[in-house]
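Shown below, as structure tokens, is a lone chain in the form predicted on its own; questions about how it binds or moves come after it.
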Amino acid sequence: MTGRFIANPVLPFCGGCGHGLVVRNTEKALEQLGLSPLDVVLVTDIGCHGLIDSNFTTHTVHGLHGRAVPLAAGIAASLPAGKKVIAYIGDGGAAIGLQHLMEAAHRNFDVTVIVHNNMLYGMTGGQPSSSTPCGFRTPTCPDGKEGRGADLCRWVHAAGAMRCRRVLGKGDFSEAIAEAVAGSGFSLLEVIEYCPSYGAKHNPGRSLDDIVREAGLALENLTNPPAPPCRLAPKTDTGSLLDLEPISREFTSELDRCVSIMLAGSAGEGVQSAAEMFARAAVAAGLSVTKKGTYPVTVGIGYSVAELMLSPRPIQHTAADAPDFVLVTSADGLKYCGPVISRMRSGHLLLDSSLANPATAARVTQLDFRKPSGPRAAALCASAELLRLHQLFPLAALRAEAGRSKHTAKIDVERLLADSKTS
């Protein structure tokens, strides 16, 4: 199987998996409709079905589990007429993203959603999903699921989808896919399949026809009165990331090796902003820089940590066994970095004077980061002290960057960075 829509004939599924039939029938349907691969966007998410991305020659987008539908809706909302957006999801993803499914159907986004309903979570060991029919056995439900499964077609139809159809994943059902894709507005096609690894093995002798009949799931084709698909006007007042103004090289650095820095403090105290200013200043000094932030989901409390790498050469990786420098401005930051600090066998720890000195083999210097201009300027203050002590790049570069940053509007940058805390 190779053609205009499938480049690799080797499909990434178990032998006998119904997902392969969905792919083959999708290809056949797209050929029937006379579409070009460049007119089609295939959106997938987590699950065995999502392994197919690289086989297709269409545009492909891969999302989080249960989030293929909102991604597809967003893409379809601003595409010109004639383009087709297809979302592949599993029955597990349909359950996880049920609100997205109902909302997309209700607003009538121009998307075709194909549900690979093999009646369980195949990628994680065969747990039952919301769509698992009553009595269907899985590895984690050996006596059969209790309670009836969700009727996705009826639910999505009730939400306002233009077309909802259920078919068995057997033989040629390309006509059903072609009908769904050709139509305007939201379509859902539910394909009932067997997972050969967990479904067939635990339900011997039961055919798909038996399962669907016993579950009371009709192979029906439901429609709603035609309605215009939802389209959104593209935003034109948002600049592209590709149009960001490049950072000009205004300074020079004598740094001759790659160094890693961990800047740790508390949420809401400007740690990430200080790291951003530091990174931009390093770039202005001609260095290659990487930066990544770490903080809890509750972004307003707890620790806030930024990790940076600086190098005179391009950086090919962002992992370091241990940081060369750790800057800690608060108890939250010290608690988070404690294990890292304890493993340091060299390097330099710059610690706010209010904090207890931790056990470490690294050189330790305690300074007043929080007192001069308050907690919100402590991370910037610590960054400046690092430059004074180690001359990674000129302090003037950080001063220039901090002077034009919106994050320092309430900070006297000149006074803060002019006063060395080591003197």
Partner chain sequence: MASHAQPRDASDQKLCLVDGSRLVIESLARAGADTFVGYPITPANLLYAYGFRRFPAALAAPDEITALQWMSGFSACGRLPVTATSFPGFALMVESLNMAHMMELPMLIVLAQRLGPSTGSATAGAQGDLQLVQGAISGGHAYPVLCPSNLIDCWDLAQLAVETATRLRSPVVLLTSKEMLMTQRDFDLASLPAITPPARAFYAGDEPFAAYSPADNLVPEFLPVGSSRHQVRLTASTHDRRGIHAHLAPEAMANTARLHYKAVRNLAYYTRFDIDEQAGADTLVCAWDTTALAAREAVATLRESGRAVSLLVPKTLLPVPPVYVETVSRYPRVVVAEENLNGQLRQVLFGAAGRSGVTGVNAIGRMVSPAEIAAAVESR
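Please read these numbers as outputs of a predicted model, since none were measured by experiment. Positions refer to the first chain, counted from 1.
Another form, the form predicted together with the partner chain, is not on view; read the next lines as being about it.
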In the predicted complex, does residue 210 have a heavy atom within 4.5 Å of the partner chain?
no
Using the partner position in the predicted complex, report whether residue 359 sits within 4.5 Å of the partner chain, counting heavy atoms only.
no
Residue-level question: is residue 345 within 4.5 Å of the partner chain in the predicted complex, judged on heavy atoms?
no
Though only this chain appears here, would residue 146 touch the partner chain in the predicted complex if you measure heavy atom gaps against 4.5 Å?
no
Checked 204, 339, 225, 234 for heavy atoms within 4.5 Å of the partner chain in the predicted complex; positive is 234
Heavy atom within 4.5 Å of the partner chain in the predicted complex: which of 365, 391, 32, 54?
54
In the predicted complex, segment of 77 to 85, 213 to 221, 326 to 334, 159 to 167 with a heavy atom within 4.5 Å of the partner chain:
77 to 85
Considering only 56 to 90, what residues come within 4.5 Å of the partner chain in the predicted complex, judged by heavy atoms?
56, 57, 58, 59, 60, 61, 62, 63, 64, 67, 70, 71, 73, 74, 75, 77, 78, 79, 83
